[in-house]
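Listed next as structure tokens is one chain, alone, in the form predicted on its own.
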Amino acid sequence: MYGSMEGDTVHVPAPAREQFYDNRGYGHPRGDALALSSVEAAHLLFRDDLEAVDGMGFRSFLATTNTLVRFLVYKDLRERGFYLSPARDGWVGSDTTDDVDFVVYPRGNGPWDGVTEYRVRVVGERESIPASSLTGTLAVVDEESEITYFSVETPDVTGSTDHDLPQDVSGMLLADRVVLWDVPPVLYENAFYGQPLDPRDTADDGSASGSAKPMSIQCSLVEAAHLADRGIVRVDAGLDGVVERGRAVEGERFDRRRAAYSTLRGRGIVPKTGYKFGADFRTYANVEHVGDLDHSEQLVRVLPSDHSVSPRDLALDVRLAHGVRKRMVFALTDATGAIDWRSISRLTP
């Protein structure tokens, strides 16, 4: 069977529909004939199911159409037992084409069943990707043609940490942190703000009952700004002084981190520094007492909403988060403090 090019589409005459679409889910029907995308035609040429397209065999067709990277992903998913369609406006299986290359159906289903397993975007390892466009499934093809799949989701950023806190606690701005003097222990032991200036001030037995004596704790600038903004802490330099110091030491990053921090706290999640993991925060969804803390659940990296990421950086972040049993989350923050959340993890289709 032979095909002919029509722009970026390959036309295969009857009975191509029965042979390729009805039986194996290739292409878009045109009566008894069939329209194929270039990557589908390349796969059929590779399998010797098509003899030629305008006289071109597999090698020359691949070179002429520049479909190698997408062909590798298409071939891999076919070999994993999936039927899939190119994401083209008006084609079977496609409801949108934004930033998507393939619509993948559950095993045992095809484009005629109306169900979708993955929506796949194909990129090379050296490409740059707008973080705001990350969605669905990302298939990254590296320089040795190995494929890594990532799942991008909108995480449930909610927790249940909620404690009654004191008001008007005295604080002092010192260098790039704020020290709170003689505060009720609930601020650290139950709400998990800051770190004790003297670890001996914490409860001796680590029990949920906590210690009763006042303690002094050191807070980061984002913690202090959050507490001062809510009237819990009264810093000698005032809220403006804390924010000014934060911007002086971190630049624009401080405002983004402050917005993400306050949003997480407002949703019942406790953010703590993620420095040891190369992230902005590690988070705890349910804190009753610091003596009973389990592992943090998420690593959060705060990025500008217009930031672009490389697949290599994604691989590093996801690998690290997986290695320490956490989920990698990106907080894409704009100038108003509005946040678009993304979580990314490895996927095996």
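Don't overthink the numbering: it's just position in the shown sequence, from 1. Not measured: the values here are computed from a predicted model.
Not pictured, yet referred to below: the form predicted together with a further copy of the same chain.
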In the predicted bound form, does T161 come within 4.5 Å of a further copy of the same chain, counting heavy atoms only? no
Closest heavy atom of R301 to a further copy of the same chain in the predicted bound form, within 4.5 Å or not? yes
Could you tell me if V100 has a non-hydrogen atom within 4.5 Å of a further copy of the same chain in the predicted bound form? no
Going by a heavy atom distance of 4.5 Å, is E223 a contact of a further copy of the same chain in the predicted bound form? yes
Choose from 152 to 160, 81 to 89, 104 to 112, 269 to 277 the stretch whose residues reach within 4.5 Å of a further copy of the same chain in the predicted bound form, heavy atoms counted. 269 to 277
Is it true that E117, D168 and L239, all three, sit within 4.5 Å of a further copy of the same chain in the predicted bound form, judged by heavy atoms? no
What is the one choice in D229, D255, E244, E125 with a heavy atom within 4.5 Å of a further copy of the same chain in the predicted bound form? E125
In the predicted bound form, residues of 299 to 317 near a further copy of the same chain [heavy atom within 4.5 Å]: R301, P311, R312, A315, L316, D317
